[in-house]
Structures are given as structure tokens and as C-alpha cells.
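Below sits a lone chain in C-alpha cells, taken as the form predicted alone.
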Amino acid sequence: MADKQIKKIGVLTSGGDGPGMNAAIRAVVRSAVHHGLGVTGFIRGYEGLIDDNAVELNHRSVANIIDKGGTFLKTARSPRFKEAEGQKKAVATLKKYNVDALVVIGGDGSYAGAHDLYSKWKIPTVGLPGTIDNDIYGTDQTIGCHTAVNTALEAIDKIRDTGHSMERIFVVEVMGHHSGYIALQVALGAGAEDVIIPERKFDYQKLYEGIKKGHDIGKISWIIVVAEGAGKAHQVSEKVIEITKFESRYVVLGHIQRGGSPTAPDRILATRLGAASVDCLLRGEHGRAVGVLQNKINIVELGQACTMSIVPIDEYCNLIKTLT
């Protein structure tokens, strides 16, 4: 039985989009309907809350979206929501639609907004980790990260073909402002020769020396993966040419990593977490973030979940060096 105090929930997606968000929305809506709850979706995240941009959702509203990339509720970043006036308008919108609790799907900034609604305005909230960067505390995986890594990996596999054929050094820039998760995963999976990430100071001189030594023993191609927050591909490539005198090209993968049909792991994760978020609200566990830890549902405080997760950086980097 549903908690009598919660008869209707809201759902929104916020921040950067990622594959699997639609699957998460679908699970939230259908789980809520199963428990006899009404559901209102808010368009463009917190902007939709501020601007009163809402749509009523039901079982059929979320049909045939589990395989779709992006988010049909749209998403946006909302500087206005960081201000008290924006939050006040958002709360008024929730009350207008008789929404008793809110599920927020997004990253650390989205979690911070949900935490504000709960701690400052007493709105029951639950956060779902929707970010390709996999940088949320309290979960081993975030919705979208698996698909983003696969997308980048497929691209680098193709780049390596031409790098080998043309005997070139390629510098490939992937997403990750503050997190090197995608870069590390892709570098390891693609057999890259080097990776540059925000969490670790990079020794460029060793990179150039390694390229020269490799060339001396007949190595004809090289893949360097760089997270966008650690450096820009064109600058790294230009420096490689300047110091080594070898031919180099750069590729920025950009937003292709955010799009596309979600992989099976992302669909399943999104579905599990979406259903768990509704269960969490109905148990009276508010101001929480839902994730998975060792393949089990894990629930932590929203304020705690805003911190970054720990990635085994040294292990990954050492493996890349060992297998080069």
C-alpha cells in the first residue's frame, strides 16, 4: 500500500542527458501507477518547475521509450534554480499540481537541487544517478555510463584502423570535465598507449619520450585518450608534433557519447533504480539517492551522494602502461 501522504509524484531529468534516462522515467511512472499514484512530468528539468511546464503521465505515456536515447521530458541546466526565488517558484508549481514527492534523474548538480528542495523546503525527494561520467557517490554505475563508454570505444576502434594504416599518432578527446572514468575505461578497452585524466598530473615529457622509443623499435601508430577536463586534444596533438616531429591527428568525440540507444546494462540499471526510487518514497525514505553497490540496491543521503565516486585510477593507469 502506498503511503497515504504521497498520492502523486513528480519526475524530471536535469543536467546533461544520457542514454537510459527514458528507461528510468518509464520505470518511475509505471511503478508509481502500479502503486496507485498519479504522476506529473516536468519539462526541461528545474526550468520546467520554475516555468510551470508540466505534463500528466500514465502507463501509456511511457510506452516504447525504453530503447530511446536522450529524454522525452527534455533536460536543461538551471542557474535560476540555485537562487531562492527560483526554488520558491518551483515549490509553488509542485503544489499547484498536488505533487507530494519528486524523483530527480541527473548528476551531482541535479542532486544538489533535490537536496535543497528537501532540506530547505521539506519536499520529499529521491535522486537517480543519470550521468555518463559515473562520478556519483553511492553507486557502482550511473545510468548512461556503460553506453557512453561503448560509443567512445567503437569510435576509437575505427580510429585505430586508420592510425595503423596511415602510421599516425591519434589524440582522442572524450567527455569528462572532472572525472576520468570514461577516458580510463575507453583507454583500457581500446588498448590505448596513454590516457590523460583530471584526477592525476600527467607527465608529458614521458609521453614524448615513450613515443620516440616506440618509433625506434618499429611502433607505427599510437592512441592517446584525453578527458576534456584534463586537456584539449588539439593542443596535445600540436605538442606531440612539435616535440617528436611525428605526424599526429586529433579527434574530439563530443556529444556522440551522450546519444544513442542505451545498452542492455543501462536499460536494466535504469529500470531497477526507477522502481526502487518509488519504493523508497513510499517507505518514507526521503532526501535520498538510489544506486547499486555490488549489484544490490544501495540508498544514501542526497547530500552525501553529491560527492564524487572513487575510481581505481592507479590500477587502470598501471595496466595501460604494463600492456603498452
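All residue numbers refer to positions in the sequence shown, first residue = 1. Since this is a predicted model, take the numbers as computed values, not measurements.
Omitted from view is the form predicted in complex with a further copy of the same chain, to which the following refers.
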{"query": "is_contact(Asp314, a further copy of the same chain) in the model of the complex, heavy atom dist at most 4.5 Å", "finding": "no"}
{"query": "Distance check, Cys280 to a further copy of the same chain in the model of the complex, heavy atom within 4.5 Å", "finding": "no"}
{"query": "Any non-hydrogen atom of Gly189 within 4.5 angstroms of a further copy of the same chain in the model of the complex", "finding": "yes"}
{"query": "Interface membership of Arg267, a further copy of the same chain in the model of the complex, 4.5 Å heavy atom rule", "finding": "yes"}
{"query": "Answer option from Asp161, Asp203, Glu83, Glu238, heavy atom within 4.5 Å of a further copy of the same chain in the model of the complex", "finding": "Asp161"}
{"query": "Contacting member of Val252, Ala112, Val91, Ile243, with respect to a further copy of the same chain in the model of the complex [4.5 Å, heavy atom]", "finding": "Val252"}
{"query": "Among 118 to 126, 223 to 231, 96 to 104, 152 to 160, the region lying within 4.5 Å of a further copy of the same chain in the model of the complex by heavy atom distance", "finding": "152 to 160"}
{"query": "Heavy atom contacts to a further copy of the same chain in the model of the complex at 4.5 Å, residues of 59 to 75 in sequence order", "finding": "His59, Arg60, Asn64, Ile66, Asp67, Lys68, Gly69, Gly70, Thr71, Lys74, Thr75"}
